[in-house]
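Consider the single chain below, provided in structure tokens and representing the form predicted alone.
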């Protein structure tokens, strides 16, 4: 069953069109990886899905909930945007943890604030859930540590746990290992691979081609704001049919 439907999405900044007429769907439990050169529109697409940017036109639908439809204008109040964002969890490349809070507090903060607005949320289970997530991330012994006391890989795993704490329909990663050295990159990629095995619905923007091949159900290759090629890892990475995809992968293999 399709959990996400994106139709004819466009976004420009001043006179520059960054994403043009993007359409794709993904099913519940799928891992979709978006690859492409810097400036191809990958991160902008992710930011539009998470409403960190407002699309210019198109449709975004999660399950039966239409989050955005340019043909049906609505007031995009801060409260409305916050509700739309709850469908997505976003893990940034630079972690974005709150330095004044411990690992556990970073995870419990957003659910606790949400529980104050929504009485249907069981506030008593928030800390227990956060501890379970830290255990899942292999960080049970770090829950009382502040971000500056954690390695980059540990901080990113806390950020993943924080995103999962709100039980999003879709977990999004924006180049989750780009700020990490190779050893710490492995820590984070192992966690994401484990989430994929558990059929966590994920969209991943990455430059790690071997990881993308191993973890993805579907690969989307973006070029100059459009989807140039889409398919399984075997189709897009092993046997690309689009000339631009072939060139991109050749440059990547040559280390450019």
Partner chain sequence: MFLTVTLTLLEGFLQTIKLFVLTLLFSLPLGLIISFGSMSKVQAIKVPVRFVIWVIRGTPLMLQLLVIYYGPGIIFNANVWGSGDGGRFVAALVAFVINYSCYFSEIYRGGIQSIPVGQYEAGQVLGMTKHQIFFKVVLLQVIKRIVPPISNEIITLVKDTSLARVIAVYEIIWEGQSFIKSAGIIWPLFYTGVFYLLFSGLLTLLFGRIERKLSYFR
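Because the structure is predicted, anything quoted here is derived from the model rather than measured. Residue numbers count along the first chain shown, from 1.
What comes next is about the form predicted in complex with its partner chain, which does not appear here.
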Are any of the heavy atoms in residue 73 no more than 4.5 Å from a heavy atom of its partner chain in the predicted complex? no
Taking its partner chain as it sits in the predicted complex, is residue 66 in contact with it (heavy atom to heavy atom, 4.5 Å or less)? no
Please check if residue 100 has a heavy atom lying within 4.5 Å of any heavy atom of its partner chain in the predicted complex. yes
So, residue 47 and its partner chain: in the predicted complex, are they within 4.5 Å at any heavy atom pair? yes
Exactly one listed stretch (210-218, 194-202, 48-56, 33-41) reaches within 4.5 angstroms of its partner chain in the predicted complex by non-hydrogen atoms, and it is 48-56
Between the options 125, 151, 96, 140, which residue brings a heavy atom to within 4.5 Å of its partner chain in the predicted complex? 96
If the cut-off is 4.5 angstroms on heavy atoms, which of these, 80, 110, 121, 179, is the one near its partner chain in the predicted complex? 110
